[in-house]
Ligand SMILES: C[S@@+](CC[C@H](N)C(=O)[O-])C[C@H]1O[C@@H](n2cnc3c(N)ncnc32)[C@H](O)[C@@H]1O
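Take a look at this single chain in structure tokens; it is the form predicted alone.
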Amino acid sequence: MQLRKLLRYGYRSLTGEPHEKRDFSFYVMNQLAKWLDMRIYNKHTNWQDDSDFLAVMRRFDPRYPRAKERQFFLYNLARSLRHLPGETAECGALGGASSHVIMSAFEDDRPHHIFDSFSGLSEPTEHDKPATTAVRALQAGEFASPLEATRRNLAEHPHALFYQGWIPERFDEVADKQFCLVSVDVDFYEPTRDSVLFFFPRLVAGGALVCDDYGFSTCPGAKKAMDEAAESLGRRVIHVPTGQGLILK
């Protein structure tokens, strides 16, 4: 049955309309993904063709990692918060892609504060050990992105402010600020906990704190830190299918 369907799709892809060629490509890739116990996005989801978002991403250096679906979620969240007062921040820049998305979405000159060691991940704790050996444990020093490279990537955003140091060493420098959106992407338990506990009380009403690592088996410490912090704050983490988790003020 599957072979007949494959042959039918294959014939149509050679002789049919453009949408039939696309259907065939999607069918083949989807079957391969199923065989590998994975899945691919539905070809009819419009976010993949959003012209405004794609224009933003084209302006960022393609050599740097960026998960398109997570950046799209962050972009739309940021756009929904543009009416709020307060500044924006990111903990863990990894070259600056998420900061670029946030600042592009807001389209104004409000300060954006970037906290990062620019030397890679901090030391993991026992909380950061994956539950199974089938998942690779992240190590200190991974995902290093030098400060100067990150500055170059964000050169179009003069209102980006950089704070080099291990979290939470430099948080006190913005203790008197209010924020409408904070992105946390530091992978491990301790820096995630410190980021949430510092920034959430400084969110304006209606603001959001997003943890990029919340739903990933490689980052169990980030999920634990978010869950514990949310409970202590009387909130619940909203877990979205992109792997991100957010807490609303």
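Start at 1 with the first residue shown and count on from there. All of these numbers come straight from a predicted model, not from anything done at the bench.
Beyond what is shown, the protein has a form predicted together with the named molecule; the following relates to that form.
Novice: Counting only non-hydrogen atoms and a 4.5 Å threshold, tell me whether S122, F143 and I167 all contact the named molecule in the model of the complex.
Specialist: All three within 4.5 Å in the model of the complex.
Novice: Looking at V174, L77, L84, L94, which is the one with a non-hydrogen atom within 4.5 Å of the named molecule in the model of the complex?
Specialist: After the contact test, the surviving option is L94.
Novice: Does S117 make contact with the named molecule in the model of the complex, using a 4.5 Å heavy atom cut-off?
Specialist: Output for S117 is yes: heavy atoms within 4.5 Å of the named molecule.
Novice: Any chance S98 has a heavy atom within 4.5 Å of the named molecule in the model of the complex?
Specialist: S98 belongs to the contact set for the named molecule.
Novice: Although the named molecule is absent from this view, report whether G221 comes within 4.5 Å of it in the model of the complex, heavy atoms only.
Specialist: It does not: once the named molecule is placed as it appears in the model of the complex, G221 has no heavy atom within 4.5 Å of it.
Novice: Is there any non-hydrogen atom of C211 lying within 4.5 Å of the named molecule in the model of the complex?
Specialist: Heavy-atom contact with the named molecule at 4.5 Å: absent for C211.
Novice: Want to guess which of 154 to 162, 127 to 135, 174 to 182, 109 to 117 is within 4.5 Å of the named molecule in the model of the complex, heavy atoms only?
Specialist: In short, 109 to 117.
Novice: Can you tell me which bits of 186 to 212 touch the named molecule in the model of the complex, meaning any heavy atom within 4.5 Å?
Specialist: V186, D187, P191 sit within 4.5 Å of the partner.
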